[in-house]
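Form predicted on its own, single chain, as structure tokens, below.
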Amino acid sequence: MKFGGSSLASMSGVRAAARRMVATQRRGHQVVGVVSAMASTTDNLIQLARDILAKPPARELDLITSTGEVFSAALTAMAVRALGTPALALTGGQAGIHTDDTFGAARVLNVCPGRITKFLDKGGIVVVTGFQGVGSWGDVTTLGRGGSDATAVLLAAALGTETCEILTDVDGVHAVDPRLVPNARKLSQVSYLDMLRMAEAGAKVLQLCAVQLARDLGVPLHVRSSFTNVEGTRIGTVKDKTDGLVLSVAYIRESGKITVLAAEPDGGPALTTAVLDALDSHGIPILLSRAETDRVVIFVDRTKIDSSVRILYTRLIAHVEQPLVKN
């Protein structure tokens, strides 16, 4: 069960994560929690380092940024203990995650979860720091931003778990960012390939590398809310059959880039006219556009991102039937 920074943004969030893990264990499951740093912690740590040196050494930067997850893991384990369940907080290195020595973007070489399994077999819950491992010289290494998702997938594969839950502040994977479009359609199931396409296009619900790992290692993912028990989105080998032309609309605010993903791998060119007409009818100028095999990519003024995404969702997705799931 991986908890993101938004889920652990306060002590009430930490306690809620602990209650969720304990409740899951009491239903008969062994539970490993993977935690991110509390919201904004990593950015604050990076800024502190840059206040000392404009370009901090990569080794020391990994060391300082890793402390956010250590803080979260220790607090969460204490919260589990407060509920009467044994808990053990482990760093990535202590959990057996061994990497190469590429600071800031380390590659995991192997996972040796023996210490985790011993504690699980004693009836406890293990809380592991996401985002990090240990290099060949014993140095702390980090896996890149969003790396806690990858940690969860790698541990799930090494432990042979039945599922890997990604718990966050939204209740699943949506056709568009639900923070921007509150009533955005939630997808019940998404294939690994479509989730890769969405993550690559800018959807922030899952790290691209984590989805690639899940596909390659055969780990089923379940994206759901930390705050409710609503069924989320299952990501795996099942393929969504979506009525209509569009799977999702993703965006990258900093560059003004919007990507409209076609529901089918060869549906991009057919989308072009619909996308251009939708924005033109609202007087939004398109700075650049291109049609690819499975998508249409456009660039608009950054101040027009929010309105453009809402228009495209309303015109191309909102009134389409819910997806029909086929095996």
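Don't overthink the numbering: it's just position in the shown sequence, from 1. Predicted model only: the values in this text are computed from it and were never measured.
Although it is not shown, the form predicted in complex with a small molecule is what the next lines describe.
Mapping the unseen interface onto this chain, Arg145 counts among the residues with a heavy atom inside 4.5 Å of the small molecule in the predicted bound form.
In the predicted bound form, the small molecule sits within 4.5 Å of a heavy atom belonging to Ala37. For Gln30, no non-hydrogen atom is located within 4.5 Å of the small molecule in the predicted bound form, even though that partner is not displayed. At least one heavy atom of Thr42 is located within 4.5 Å of the small molecule in the predicted bound form.
Stretch 147-155 is the contacting one of 147-155, 168-176, 99-107, 113-121, since its residues have non-hydrogen atoms within 4.5 Å of the small molecule in the predicted bound form.
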